[in-house]
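Next come structure tokens for two forms of one protein chain, structure 1 first, structure 2 second.
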Structure 1
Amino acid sequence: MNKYQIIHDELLKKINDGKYPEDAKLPSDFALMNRYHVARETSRKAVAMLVDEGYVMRIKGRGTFVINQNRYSFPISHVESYRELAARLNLNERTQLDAISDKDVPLVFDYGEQVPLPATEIVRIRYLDNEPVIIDRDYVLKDVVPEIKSLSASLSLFELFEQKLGLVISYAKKTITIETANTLDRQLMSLTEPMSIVVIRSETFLNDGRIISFTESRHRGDRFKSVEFSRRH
């Protein structure tokens, strides 16, 4: 584990535990240097991560302060799996595996070449508080992962990629649009009335630049909420 990562994690834990509550002042660069016996740039890197993540803000001449925290909703801007999300929010969550089959990546994903991309399609329905609210369709490219067993698909795909296969996920590109619920949506989510669906389509990339999967995540519009933290550029 890197030094700056350790410092970051310890500070973040204290923020989440309320030891640094809202508006509290974090230790200064020099205080962190002494406490952890590191160079100043190392302690600054740890704090810079917290700034990036929206936990604290730094004010020149004054100090580093904890930002008012209520980021309890579905985050769009992070690559985060459903299981990680549910664990973080302490929600009663359940995932039902609907189907696994071989299927090319659909053309709604606007990947460059117009050649069919062989993939494994995994359809899952996500329940929060026993209500079906999300339909996930993952297309895992056969090029990268030739076969997926049914057992592991009921767990997290990210867990499979990272822990079992040793692949490292680097980033994703997501597109968010609004669509009207189609017949399949209504059926899978038990909808009786017309409903807007928030559609999040993403391509996930490995750290060597290869695409590993395309994902379509369809959220009930009336259950969807996202909270974002954004910095001024």
Structure 2
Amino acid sequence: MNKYQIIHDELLKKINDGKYPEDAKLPSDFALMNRYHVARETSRKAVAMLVDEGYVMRIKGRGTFVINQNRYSFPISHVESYRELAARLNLNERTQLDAISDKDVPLVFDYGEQVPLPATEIVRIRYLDNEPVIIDRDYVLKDVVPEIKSLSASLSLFELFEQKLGLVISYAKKTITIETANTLDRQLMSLTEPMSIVVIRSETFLNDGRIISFTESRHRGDRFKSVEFSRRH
């Protein structure tokens, strides 16, 4: 294992174990260099990984601090399943399958077709720390996958597409809006007060250019954040 990965993993364990609680300052780059006997570039890379994953933030002139972990970091620019995300971020999660039924793709996706698109609708509720925080509605097009009768909670749709059906996912287009939680949101997420919901609607494409699915992912606003890495040049 690379040294930067070892440093990253040990710091992350201390964050998850509460040894570095919210607002705690991490050791400086030089302190990590001396502790692990590595170059500064190595220690900075380890901390940069934690920044990209949403665990810490760097404040110029002050240091690196642990941020609120009650919010999960959702990477908008990545194309990965929820299970892949949960495994990568070591989330305490579980998924409840709410319903599978035949339904046309809702017009809210604005797919431009003059006729309805038949699909299989799959509704799942995502729990973090035993709290319902995400409602996922996937619409898998029947002209690509004619029928889905059941789906194990341990199997993601991406695993079904790629490992079971031999399809290759290429990219996704995503749109993000802020909406008010509706009656069903409040019911499924056990919300007792009005709340804003982060809604991510996406279209997932195969490597041959076909759309395989549309997804509406509704996130509790008070538990959502997105951390992205941007470079000017």
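The term rigid core refers to the most C-alpha atoms you can superpose between the two forms while keeping them within 1.5 Å. Numbers follow structure 1, counted from its first residue as 1. What you are looking at is a predicted structure, and each value in this text was computed from that prediction instead of being measured.
The form predicted alone appears here as structure 2. After superposing the rigid core, the C-alpha of F205 moves by less than 2 Å between the two structures.
Relative to the superposed rigid core, the position of the CA of Y20 differs between the two structures by 2 Å or more. Per-residue C-alpha deviation between the two structures, core superposed: E10, 18.5 Å.
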